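Starting off, we have a lone chain in the form predicted alone, written out as structure tokens.
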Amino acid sequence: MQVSVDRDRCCSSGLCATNAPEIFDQDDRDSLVRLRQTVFLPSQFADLRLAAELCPSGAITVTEDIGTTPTQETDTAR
């Protein structure tokens, strides 16, 4: 899974950092979104998808790895 954030689109709502504080943070200087990590565990995938879905400005993009489906990712985590 790939995750990218577009700080130019971020509106500083903080929903991402509130719902997934281990993954997202807000920059102390400008309150814009900041990724805290670049490699994600399968157990974090649902939080990443939710953060992208809740982001009011669409600043978070989640791209599934080619050739995998959410079911396969879940199976890998077991």
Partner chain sequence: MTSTPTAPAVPLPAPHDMRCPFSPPPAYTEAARTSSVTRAELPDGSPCWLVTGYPEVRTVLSDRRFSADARHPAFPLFTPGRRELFARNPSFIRLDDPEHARLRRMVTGDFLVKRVEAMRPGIQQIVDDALDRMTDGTTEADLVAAFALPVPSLVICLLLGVPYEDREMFQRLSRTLLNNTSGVDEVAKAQQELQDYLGGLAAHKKEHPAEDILSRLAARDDLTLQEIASTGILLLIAGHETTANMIGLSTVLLLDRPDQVAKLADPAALPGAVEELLRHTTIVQTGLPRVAVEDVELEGTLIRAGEGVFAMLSTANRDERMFGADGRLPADEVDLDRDARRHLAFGFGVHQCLGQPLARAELQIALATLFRRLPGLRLAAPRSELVFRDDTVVYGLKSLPVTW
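Positions refer to the first chain, counted from 1. On a predicted model such as this, the values are computed, not experimentally measured, just so you know.
The form predicted together with the partner chain is left out here; the points below concern that form.
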**Message:** With a cut-off of 4.5 Å between heavy atoms, is residue 61 one of the residues that contacts the partner chain in the predicted complex?
**Reply:** no
**Message:** Taking the partner chain as it sits in the predicted complex, is residue 26 in contact with it (heavy atom to heavy atom, 4.5 Å or less)?
**Reply:** yes
**Message:** Residue-level contact is defined here as any heavy atom of the residue lying within 4.5 Å of the partner chain in the predicted complex; does residue 44 satisfy this criterion?
**Reply:** no
**Prompt:** Using 4.5 Å between non-hydrogen atoms, is residue 50 touching the partner chain in the predicted complex?
**Reply:** yes
**Prompt:** For the stretch 10-26, which residues lie within 4.5 Å of the partner chain in the predicted complex by non-hydrogen atom distance?
**Reply:** 10, 11, 12, 13, 14, 15, 17, 18, 19, 25, 26
